[in-house]
Structures are given as C-alpha cells and as structure tokens.
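Heads up, the chain below is alone and in the form predicted alone; it's given as structure tokens.
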Amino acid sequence: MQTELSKKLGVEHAIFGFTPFPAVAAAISRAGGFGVLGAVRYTAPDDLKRDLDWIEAHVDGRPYGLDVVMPAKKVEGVTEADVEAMIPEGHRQFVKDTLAKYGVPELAEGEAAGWRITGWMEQVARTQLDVAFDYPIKLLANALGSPPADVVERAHDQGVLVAALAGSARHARKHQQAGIDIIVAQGYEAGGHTGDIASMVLTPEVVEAVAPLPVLAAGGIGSGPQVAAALTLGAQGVWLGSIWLTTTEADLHSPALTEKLLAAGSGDTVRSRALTGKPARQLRTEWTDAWDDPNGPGTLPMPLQGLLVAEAVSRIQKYEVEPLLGTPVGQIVGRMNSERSVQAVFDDLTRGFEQSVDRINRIAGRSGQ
C-alpha cells in the first residue's frame, strides 16, 4: 500500500495514525504505518520529552511525527489568567449545576484537572516544538490549519515535512500558499474538530485544488475498502484517529468509556461545541445535550469553553459518570466493536485493501494480469 508520499517518508503502508498515546504511535510505526503523537495534552516539556524518549526506544528505528495545535496568528501578551477572567459567572454556575445534577464528586483537595486546554495556547505549543525538534521526527502536523510562518520555516530547515488539516478546498489552497507540504482533507465524519463537507466530496476537491501537493484523506475511514476508495479519489494516504481508541495499546484510563465506544453505533456521535468552543465530533452524551439545549447558556468561543469545562471533564472522567462520559470520536465508531491490537487493525486494513483492489481489477477485466 505504497504511494509517492509513503516512499518519501520511508513507510511500508500509506496509513498515518494520529493518537494521544505513545504506545499506539510506536505500534503504528512498527506495523509499517506512520505514527503521529498528539502533543496538545503536554503542558510540561519534561512530560513530552519522557514520552518521545519512550517512542524512540520502542519504534524500532521507524519514522514518526508530532501533531500540535497552533493558531496561524499570534495574540501578544494574553495569559491563561487573562482568558479565565473572560468567562461569565453564569456559565460557571451552569457547569456547577449540571455536575451537581448527576452527583459528580469534587476532585481531591489540591488535585489539578488532568485535562487542560492550555496546549491550545501558542506559547505552550512552542515549548513542545523546542522539545520535539531535538528528536528525529519526520512530520509536524497542525490541527488548527497552517502554523505560523516561522514554525514552517524552522521545520523545513530541519528536514521536517509540515502537514495541516483542511475542511474545504479553500482552506487547502491557503495551506498550499503558506508552504505546507501535506494537506489532510478531513471530512465531516471525522472525530474532533471538523467541517461541514463529507469525505467522499471533500477528498477529490482538495486533491484537485492543491495538485501536485500530496493529500491525505481523513474522516470516517477505518476499513481496507475505505482506504482503497481514498486512494482512488486521488489521496496519497489516509489519516486515521478514532480507530485506535479501542486498541489494546490505548490508555483511556476508563473501562466505562471503552465500553461506551464499543457499544456505540455510527449515529451515536454529535458535532458539538461543548468541549472546546469549536464544532467537534464526539460521543453524544447528556453533557453534550445540556450544552446544545437552547434553554441553556450556550457554549463560549475557543479557548474560553475549554478552560471553563476543563475541571468538569476531569471529574467526569475520573469518576466515570456514565451519562456524562464521552470523548472526541468519529462516525467510524460504529465499526469499533472489539478491542484489538494495533497490528490486528493493520492486518485488517491491508487485507481489506488487497481484496478491494482485486475486486476492482476483476470488474475492470484485469484479473490475473
């Protein structure tokens, strides 16, 4: 399953796997794909260094990359405390009332929220890059579009390719103009932040818009036939995220959440602003319903919403309050019906890809050639 891009990066299969878990990223690369570690949760540089050291020791010399979250435009002199002060008291009370309604316990005294949105702030992302560029990463991806120009230049100076996610052909053209090397065309079906256009429509539009720049297809992909379809549409690979959440290497720290993912169907997700303030696909829960209720206060813009709900999300996750418990995940969750190893997922993807190619060859009258 090789393309010009996969050959350039030295990987056997044109499957790029985004994950917040180092063990999953390393397993993806060992399986012949390209593991990409999500860095947004690393607010302490030493924590990122620790996990990159671990990946280096377990990736068997295979290539891997890092995904950060950086705005293209910098806002000078704004601290987390400044942003916190912008949150209305009515919204804080809504969070308290919702947690009280479901009996969510408080965190222990002195215990900090484990989920913070500070990784979305540019100064934090830049400290992540200071660490990451000391490692032989081959790709830097940015989930908020094109990173600042100096970051693109710094990556290129170190021989690192830069990828950016796009939800429309217009976005993709802007990335191309900014010197981005790889466009990730992320369709409506995807988990996390996503636009309004479905993958089957978006992928060929982006391929045509930025040719000859390589494009990765993302959103709703989790089987070999879907990988074959993406490559047929002109993509040079696929970008998969949700499918790894129920692998045995993933560390969700929540058996209840894993069970919810395994039980969910493709219609059990919702595109909501409840988590960060921007539309993000996630499991539909009573938490997302509360924020999307027109009788509620409504969500705040990014990054206010993320700061507002950070402690609440940590409490819901820690105490596994099932009605409120959720996570970003795409519509492919309907195929995530059992816990499997990363290698087992790869075996299924490659086997299904080969079967699909054989089927198309038979339809085209090329069988046996």
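One rule holds for the numbers: they count along the sequence shown, beginning at 1. This one's a predicted model, so the numbers in the text were calculated from it and none came from an experiment.
The protein also exists as the form predicted in complex with a further copy of the same chain; that form is not presented, and the subsequent description refers to it.
Of the candidate stretches 103-111, 138-146, 81-89, 196-204, only 196-204 has residues whose heavy atoms lie within 4.5 Å of a further copy of the same chain in the predicted bound form. For the three marked residues, 46, 65 and 69, no heavy atom of any sits within 4.5 Å of a further copy of the same chain in the predicted bound form. In the predicted bound form, residue 332 approaches a further copy of the same chain with a heavy atom inside 4.5 Å. In the predicted bound form, a further copy of the same chain sits within 4.5 Å of a heavy atom of residue 267. Using a 4.5 Å cutoff between non-hydrogen atoms, residue 353 counts as a contact of a further copy of the same chain in the predicted bound form. a further copy of the same chain in the predicted bound form comes within 4.5 Å of a heavy atom belonging to residue 208. This chain lacks the partner; the member of 122, 181, 249, 189 within 4.5 angstroms of a further copy of the same chain in the predicted bound form by a non-hydrogen atom is 189. Exactly one listed residue, out of 235, 275, 172, 261, brings a non-hydrogen atom to within 4.5 Å of a further copy of the same chain in the predicted bound form: 235.
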